[in-house]
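Before any questions on binding or motion, here is one chain by itself as structure tokens, the form predicted alone.
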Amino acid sequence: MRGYRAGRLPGRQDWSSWPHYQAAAAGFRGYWYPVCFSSQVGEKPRPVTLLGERLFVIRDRGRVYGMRDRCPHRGVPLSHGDKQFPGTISCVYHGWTFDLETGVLKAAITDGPGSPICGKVTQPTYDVEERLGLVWVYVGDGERPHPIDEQLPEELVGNPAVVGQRIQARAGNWRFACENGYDEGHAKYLHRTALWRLFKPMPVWNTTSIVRRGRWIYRVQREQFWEADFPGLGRWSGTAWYKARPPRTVQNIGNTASHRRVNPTIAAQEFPGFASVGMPGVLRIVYPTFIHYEFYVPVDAENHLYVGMLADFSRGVRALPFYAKYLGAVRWLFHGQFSGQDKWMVEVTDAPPEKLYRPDDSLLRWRKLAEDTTEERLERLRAGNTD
């Protein structure tokens, strides 16, 4: 009987090489985040936790507003209140009533119309926008928010698209979710059992380079190896008799080649690689006929929202089959079972410490992008540039 033997576990013990990234357990400030579907916001407050901050969103005369979810009087959640007057929210406890746009205390109902506290309290508010059927909230540090269209994936601005979406509250830190999405190696192994991939060949391994273009970094496939002999172990294959044949050339629309014609809107973007990631944690996977997006929204250090979106850029009657395809198959195959495997991994990931390997260059480049982008923002704030 052999006793316990200590392993050899060198590696990175923390993320101090990227101090901003290490400190961003609850997310990066200075960005727009999707928090729910537009259809979920009505005349009653909807509580939201974003980047560790409790707020609520509410619709008034068609427009959505955001406000901190804590009455400054006694700390009761304002989301327990309601609208007693147009354009306001009243705390359920004593009737403190705040203007939804400015946050100014307009009335303290239980102190009468002449209450001297009115106008002396201003409740923090949040900038809110609606895009793509979602409500987006900006969390910053007093700076003027950049236009939301500057943050959305460029191809989603100005191009007609039909979308299928899923929002799911998930356990695990948002950084684990983002790193999993952009990770080079996991899809070939973890997802080999996914029904979405059942009839598709998958490479055993790739040679890949990371290319930056604008605010995105792309994984560019250089070589694909569909079978490999591992010394002393045997052969491992990503092919099978029931799968489609592997392509003869390397392509970067989809993680495997396809016979399908590339949609003109997608082709016009000239994406250098099929997988890209950008701040504050957005994954983009390009297929010939649609693009898949994942937005990793930090709730707090232990939880995040998974916002999955498929965009089809067909127009007119050609877009109609997308709804049947998404609701009938893609939603449960891709946003369900396939994505559920990622959900499982994010829940059980425990890093650092970590010992990375060659394909993890994608993670290192993502962390550097996040670090550099955050430092640029902080330099602007330190210089007093809040516009």
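Remember, it's a predicted structure, so these values are computed and weren't measured experimentally. Quick note: we count residues from 1 along the sequence shown, nothing fancier.
The same protein has a further form, the form predicted in complex with a further copy of the same chain, not shown here; the description that follows concerns it.
When a further copy of the same chain is considered in the model of the complex, W216 lies well away from it, no heavy atom lying within 4.5 Å.
Looking at C91, you'd find a heavy atom of it within 4.5 angstroms of a further copy of the same chain in the model of the complex. Heavy atoms of V317 never reach within 4.5 Å of a further copy of the same chain in the model of the complex, leaving it off the interface. Although the partner is absent here, E130 sits far enough away that none of its heavy atoms falls within 4.5 Å of a further copy of the same chain in the model of the complex. For the marked spot (H73, N180 and R367), a heavy atom within 4.5 Å of a further copy of the same chain in the model of the complex is present in each of the three residues. Checking V211, V157, A228, L195 for any heavy atom within 4.5 Å of a further copy of the same chain in the model of the complex turns up a single hit: A228.
The single contact residue among P246, P288, G164, P77, judged by any heavy atom lying within 4.5 Å of a further copy of the same chain in the model of the complex, is P77.
Listed stretches are 358-366, 322-330, 34-42, 56-64; the contact stretch with a further copy of the same chain in the model of the complex is 358-366, by a heavy atom cutoff of 4.5 Å. Contacts to a further copy of the same chain in the model of the complex (heavy atom within 4.5 Å) from stretch 86-112: T88, S90, C91, V92, Y93, H94, G95, W96, T97, K106, A107, A108, I109, T110, D111, G112.
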